[in-house]
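First comes one chain, alone, set out as structure tokens in the form predicted alone.
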Amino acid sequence: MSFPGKGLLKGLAVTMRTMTKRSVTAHYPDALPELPPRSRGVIALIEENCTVCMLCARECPAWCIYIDSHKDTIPATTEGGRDKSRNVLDRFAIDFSICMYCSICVEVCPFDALHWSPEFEYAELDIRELTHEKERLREWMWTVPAPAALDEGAEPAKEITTAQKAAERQGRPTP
């Protein structure tokens, strides 16, 4: 047999038990959260790797990447040779107020110019300051973690063995 208000008493009992337990809330500024490895915080830029191919801006579903560039002419190195032209990056900006953190721009970059940094503390008082220009994106690069180590039994990367062979040919010590 059940009496009226039995559910209410069960609920109050749960409330009383919970009130007597210690809180597990981490107070944010004093206790920083433990982030999972390779978490997404802010996008960092290696300006030297960017060839202004515009793939990141074209593939971005939020259209939050702004790129401006100009062509620079490099004179021919040999007589009768052709002048070369190359793209020079003038502006690279990401508007984090509309970024969806989908990682498409980082994945699509063929030259590894964009990387995820786990840094998440970049709040601003003015929304216009959430547009980070290339200078600020470059500053985030020091917070990018190193890539995961290879398995112990795996062969070293082809780029590393090629660089070691080239260093040996030039007579430099290899690590």
Partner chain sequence: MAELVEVLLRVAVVLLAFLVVPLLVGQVEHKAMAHMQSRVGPMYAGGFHGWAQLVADGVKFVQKEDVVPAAADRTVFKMAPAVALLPYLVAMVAIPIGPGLVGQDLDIGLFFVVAVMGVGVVGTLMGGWSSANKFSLLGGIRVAAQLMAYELPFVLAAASVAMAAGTLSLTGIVEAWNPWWLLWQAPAALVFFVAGLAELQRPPFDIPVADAELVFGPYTEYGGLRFALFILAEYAGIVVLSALTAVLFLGGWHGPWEDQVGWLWTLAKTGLVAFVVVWVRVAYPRLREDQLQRLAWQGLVPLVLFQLAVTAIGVVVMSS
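Positions refer to the first chain, counted from 1. This structure is a prediction, so every number in the text was calculated from the model and none was measured.
The form predicted together with the partner chain exists for this protein as well; it is not shown, and the discussion that follows is about that form.
- Within this chain, D30 lines the site of the partner chain in the predicted complex, having a heavy atom no more than 4.5 Å away.
- M19 belongs to the set of residues with a heavy atom inside 4.5 Å of the partner chain in the predicted complex.
- The shortest heavy atom separation between T25 and the partner chain in the predicted complex is within 4.5 Å.
- Put simply, A157 is far from the partner chain in the predicted complex: not one heavy atom of it is within 4.5 Å.
- In the predicted complex, the partner chain lies beyond 4.5 angstroms of every heavy atom of every residue of 84-111.
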